[in-house]
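This document starts with one chain, in the form predicted on its own, laid out as structure tokens.
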Amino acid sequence: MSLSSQQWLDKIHALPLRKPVKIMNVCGGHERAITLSGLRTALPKLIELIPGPGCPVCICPEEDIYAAIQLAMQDKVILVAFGDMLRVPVNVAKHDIRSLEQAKAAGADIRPIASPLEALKIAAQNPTREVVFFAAGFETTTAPVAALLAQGVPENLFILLSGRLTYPAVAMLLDSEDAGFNALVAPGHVSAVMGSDEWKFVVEKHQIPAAVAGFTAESLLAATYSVLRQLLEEKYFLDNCYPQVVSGTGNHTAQQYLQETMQVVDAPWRGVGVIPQSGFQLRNTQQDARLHFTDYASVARKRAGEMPAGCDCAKVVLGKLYPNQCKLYGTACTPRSPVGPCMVSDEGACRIWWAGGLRNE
């Protein structure tokens, strides 16, 4: 019989914690569940829950977003993208178009979609038009793109891929001198695709407790209890607190599609820099929008990839700063008028904290 949230809280409060513990989560869904359910205020004060690199929209390179805008405006393609991507701003002059949403308002044919199958449908319905699918996301959303490619796409459909892997960012933090956390709650959906075993390096290489969690308060509290108990007992292992969905080896079919259609390469993360072996690149160059549209590589379309002036989204993504510690949070930067990408996506920590009513530091 599974325990209720209150029972897990009672068990956590009963633990003999003597010093502060920092637990990082790397999933926007986890951060949303933690914040909107008020878990931070329910836990003992010694426990600090840190939102980490769990938002693919937030780390999508500025140059990719800018290129998507230019493809829609200059090359007159039909550009489709997941809805969150439309509002992410880039650094341009004040009166220039700074988002796909603004490009759409200016007349570009930009269409939000919720599934790769919608991109396929739009391409089939418009056989005389070039359609570009701007596909940004972590493994969970990149796997369906891989499945789409593996099953074949029409000649007029091209992919502007900005897919990223989750674990390399965590590996980078742990390899640094100041990781900033003592335990890890690993992502549920990513682990469902790639397998929980992918996170064994956290325990085996870095001697840090880790637990995979689902998206209910009960699962998150079970994972929190697990890593806290591991710390107290100094016996570290990878715990799977989401066994209904996650296995050690993950979804073999999804992994096969990823391997068949994509290769792993070094890739830039917005505001963070290049993280080794953290990005997906298409194997089939005929479908690659970067290669098909020759002016994609034009110097005029290159961007610095940095955050806007005063924006601390990169520090928030890496768990170095809480959202409401950014000077722009809630003043210049709000969901209605976002400055940085973390205030745009439903998986961005700033947007989540704002939705949860967290305003000032």
Partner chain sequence: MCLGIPMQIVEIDNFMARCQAKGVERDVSLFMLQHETIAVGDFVMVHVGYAIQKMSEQEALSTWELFDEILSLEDAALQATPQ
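Everything numeric in this text was worked out from a predicted model, so none of it was measured. Positions refer to the first chain, counted from 1.
Unshown form predicted together with the partner chain; subsequent notes refer to it.
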For the partner chain, considered in the model of the complex: do all three of 8, 280 and 320 come within 4.5 Å of it, counting heavy atoms only? no
Residue contact check: residue 59 to the partner chain in the model of the complex, 4.5 Å heavy atom: no
Test of understanding: in the model of the complex, would residue 189 fall inside 4.5 Å of the partner chain by heavy atoms? yes
Taking 4.5 angstroms as the cut-off for heavy atoms, does residue 33 touch the partner chain in the model of the complex? yes
In the model of the complex, residue 150 touching the partner chain (heavy atom, 4.5 Å): yes
Interface segment, criterion being heavy atoms within 4.5 Å of the partner chain in the model of the complex, picked from 43-51, 312-320, 64-72, 25-33: 25-33
Heavy atom within 4.5 Å of the partner chain in the model of the complex, from candidates 168, 250, 112, 268, belongs to 250
Can you pick the one in 215, 236, 201, 225 that has a heavy atom within 4.5 Å of the partner chain in the model of the complex? 215
What residues, if any, in 137-155 have a non-hydrogen atom within 4.5 angstroms of the partner chain in the model of the complex? 137, 140, 141, 143, 144, 147, 148, 150, 151
